[in-house]
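First, one chain by itself: the form predicted on its own, in structure tokens.
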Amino acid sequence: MRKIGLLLLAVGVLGLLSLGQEPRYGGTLVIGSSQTFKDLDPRICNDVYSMYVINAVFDELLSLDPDTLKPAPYVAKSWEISEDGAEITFYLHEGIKFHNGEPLTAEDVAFTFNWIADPANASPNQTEFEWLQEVVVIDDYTVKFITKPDWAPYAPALLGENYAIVPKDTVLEMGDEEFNLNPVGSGPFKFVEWKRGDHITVVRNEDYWLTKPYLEKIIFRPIPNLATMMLELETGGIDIADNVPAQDAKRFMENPDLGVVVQQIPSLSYFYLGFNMSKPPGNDIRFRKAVYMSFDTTAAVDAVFQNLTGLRAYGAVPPALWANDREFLKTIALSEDDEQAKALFDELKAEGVIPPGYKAVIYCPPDPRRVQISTVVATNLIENGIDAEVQPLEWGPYLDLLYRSEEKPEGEYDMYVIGWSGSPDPNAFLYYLFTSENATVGTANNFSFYMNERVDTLIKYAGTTLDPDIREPLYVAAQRIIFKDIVHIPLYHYIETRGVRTRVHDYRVSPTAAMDIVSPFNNVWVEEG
């Protein structure tokens, strides 16, 4: 696999601040989250914000080396791939215990991933394990993943973020709903309480198998209002802010007396404006084209991110990854052309594709960045003769809207702004967002309901091999079809930007948006006070 070119832009890596200081045990770390928390069961969690808590409470089968972005040992101390490439055998550490004292064994690993991969359980993560045929137990500490014949052996999904292991017996005893509210993991911290809209508290697992966590407690606070979050960060109400707007990042960088270090790294993310292609007017490329030409994408992105915390996207694969085809996709991106946009809208109105009284509602989370860009789009649509408004929704209701229901399979939305964070492989972006098998009601992430047989073939075939020289042209070809079809309007790739109080040590921003507090690579501690 060719090297992933990730450039660390961190202004002051906090691990360096601990030189000459001895780590200490004790203290509370307060983490501000820019969105509310939805699920704490890793089998169904599919948002990065809830994963902050899951990372603390659960252990994952594999870790991700922050320098190479390659898989590294965690619960699995080693693994091997069979000669025919059809099986991956993992050898687990012995002596790991869940917080209720039960041992973590191969049974728990098999239960976790077989449950996710079973379509009957309707996990939002099921399609991320489409490659998995079955997980079988060899002995107490050996487990074998068997891949489907038409998938590559060491499937790219193995680098995903949903590899936390749940205790089989405890889940069966508690039931899925109760476990989601009161999770029991084997991780460095134990779950204590969840007061919705206010905080989640976890405390140190004194018997943690990997190392003794330095911190005594972590409090996760949802603070969707970023102005409030920045005030809390500056005054010490929180220690880490997961989202620092460009103007505040610049302010903290220029004034070290504020006691905040800004950490940045290009993220493995893709944010876009999507269309519902299962019904008019989104299923007409003329409408999608007219929306695209109604606003200046580059100007909108630059206004929000000030060339500091985000960069214009032209395709789904982040520039940090291979097969992004960025230079070609720039050539087919549409520029603002109000005259042509109005002409297309008028044509669609005359044909009845856009009905009388139509209002274009753009749904998005209450993240100021996405609200601001959505507002730019809506304002320009109004100027071009289309009534429009922005409708922010809290994270839970927003995902419920996009996943749809059997009663309303076409969905109640026409346009939406959302993002996707994937593993360090192009498959993690293209397969989940654009293939037909990911356009199902209730579980999958192809919210546009885009279905193209040629795209399916290219992406699926690329998943049958690990040879990047074979895979890259397939992903490139697929993207060229997708973005000529204007399935999405690519908006931006976020530069992961976090604000961290200087009393915090050994914290490191991740390109996957993970919130690693204790891992095989770090153990965060805080100074007194």
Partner chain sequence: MLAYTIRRFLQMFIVLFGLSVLIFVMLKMTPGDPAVIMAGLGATPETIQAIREKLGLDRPLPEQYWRLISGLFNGQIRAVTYHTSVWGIIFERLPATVELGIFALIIALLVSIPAGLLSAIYRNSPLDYGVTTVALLGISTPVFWTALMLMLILGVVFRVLPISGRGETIGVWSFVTWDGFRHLIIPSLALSSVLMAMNARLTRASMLEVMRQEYIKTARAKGLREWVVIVKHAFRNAMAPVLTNVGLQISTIFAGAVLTETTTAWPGMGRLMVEAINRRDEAVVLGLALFLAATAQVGYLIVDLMYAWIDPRITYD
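Residue numbers count along the first chain shown, from 1. Values in this document were obtained by computation on a predicted structure and should not be read as measured data.
Here the subject shifts to the form predicted together with the partner chain, a form of this protein not shown in this document.
Contact annotation: of the candidates 465, 46, 63, 502, the single residue with a non-hydrogen atom within 4.5 angstroms of the partner chain in the model of the complex is 46. In summary, among the residues 122, 350, 138, 172, the only one with a non-hydrogen atom within 4.5 Å of the partner chain in the model of the complex is 122. In plain terms, the part of the chain that comes close to the partner chain in the model of the complex, with a heavy atom within 4.5 Å, is 392-400 out of 68-76, 392-400, 88-96, 313-321. Contact check for residue 198: a non-hydrogen atom falls within 4.5 Å of the partner chain in the model of the complex. Contact between residue 38 and the partner chain in the model of the complex is found at the 4.5 Å heavy atom cutoff.
Mapping the unseen interface onto this chain, residue 228 counts among the residues with a heavy atom inside 4.5 Å of the partner chain in the model of the complex. Among heavy atoms of residue 235, some come within 4.5 Å of the partner chain in the model of the complex. Looking at the partner chain in the model of the complex, residues 51, 214 and 269 place no heavy atom within 4.5 Å of it. Looking at 490-504, no residue comes within 4.5 Å of the partner chain in the model of the complex, counting any heavy atom.
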